[in-house]
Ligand code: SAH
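So this first bit is one chain, no partners, the form predicted alone, shown in structure tokens.
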């Protein structure tokens, strides 16, 4: 197989990166925006040792899963991967991916529950972060193209609430009116880097965050006035300062420009406070379903619950009424402050929160003689550090509830926990991020009885 060759290909599988997979000349060929069952002509764009990448130049027979994309920015925008197939087909792919990762990596061949669809497929996100770019005197506001930092203008993203569009239009006018310089990644010059919007699903309160390179934002009052006139649900406007040459979106310093820098929402019946740096699941309705599942599996009747990577404390606090004590651990100081506030606001007196690295805090608690009956763990995509797995095993809790946003790292950690004396009882996938390649999984492990 050679670059620029054109071949006939039948797509027989699909990855969660959005590429269909077919085989020719003994090699796998990955073709973006194709569906299982497509019969295509593929133009080969890159050839590796055992696989190749192609581009569909003609579809001879369309898959029954294929639909007409409902977004003009697809697939140029890197946000959605599955706008070209039915939601049912997307769910099937995600459920199968969880099952296969647990089987191959986690050495677990037991039951995987049917995937739980998202209550909303469009407009489900409560947060969006929009990069900006300047081109030919115009401002581009949208999302990065796949595998690049080229901004695709997309202000009516179907994943976001429609109310976000009004905010973006205000920024466009403000930038043009006052000649606000947009940050250029290549030169490191410019002021405005990202527009970040967060809105409570149940309260509809909105936080607007301006990510800029300097602590002073020109014409800030004019911006805040225009924002609140266009969208009355805006409760606070915040300046986040990020002067570094980095791909990280947010800096550590937040300066309220209007309001106190926080909004409130309701999650699982609890009132929660959020700031620009708070971790909060972006699909609130599906997060509530996940937390109900985690609480059901944890069943912490009169036991101590250790909640690692607790964020604003929501998952642990949702089951505090059944537990002896909730101990939350989180490395972000602002999130810990929110967690403590959320506990007090809801009259929860049996919860405490530690600001520390999860592995270090767990080791400290182990030294204090804490012996949790349940460990909740909700790590970032990279999963748990090996030392944290070791500490959890030394705690020897009766039950572990692992909430994961990456089933491959979940499976890796499950394999370690199983060698440490735990047995997977069930795994339940939840589609937290429709139309993207991400899937959330709740995995329940129980300590084997001696």
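Residue numbers count along the first chain shown, from 1. Just so it is clear, the structure is predicted and the values come from calculations on it, not from any experiment.
Omitted from view is the form predicted in complex with the named molecule, to which the following refers.
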Just to confirm, residue 199 within 4.5 Å of the named molecule in the model of the complex by heavy atoms? no
Can you work out whether residue 302 and the named molecule are in contact in the model of the complex, taking contact to mean some heavy atom pair no more than 4.5 Å apart? no
Check whether residue 357 has any heavy atom within 4.5 Å of a heavy atom of the named molecule in the model of the complex, and answer yes or no. yes
My question is simply whether residue 342 lines the interface with the named molecule in the model of the complex - judged by any non-hydrogen atom within 4.5 Å. no
Using heavy atoms only and a 4.5 Å cut-off, determine which of 183, 130, 174, 291 is in contact with the named molecule in the model of the complex. 291
Which residue among 74, 108, 124, 309 has a heavy atom within 4.5 angstroms of the named molecule in the model of the complex? 309
Among 244-252, 277-285, 147-155, 186-194, which stretch has residues whose heavy atoms lie within 4.5 Å of the named molecule in the model of the complex? 277-285
Of the residues spanning 151-167, the ones with some heavy atom within 4.5 Å of the named molecule in the model of the complex are none
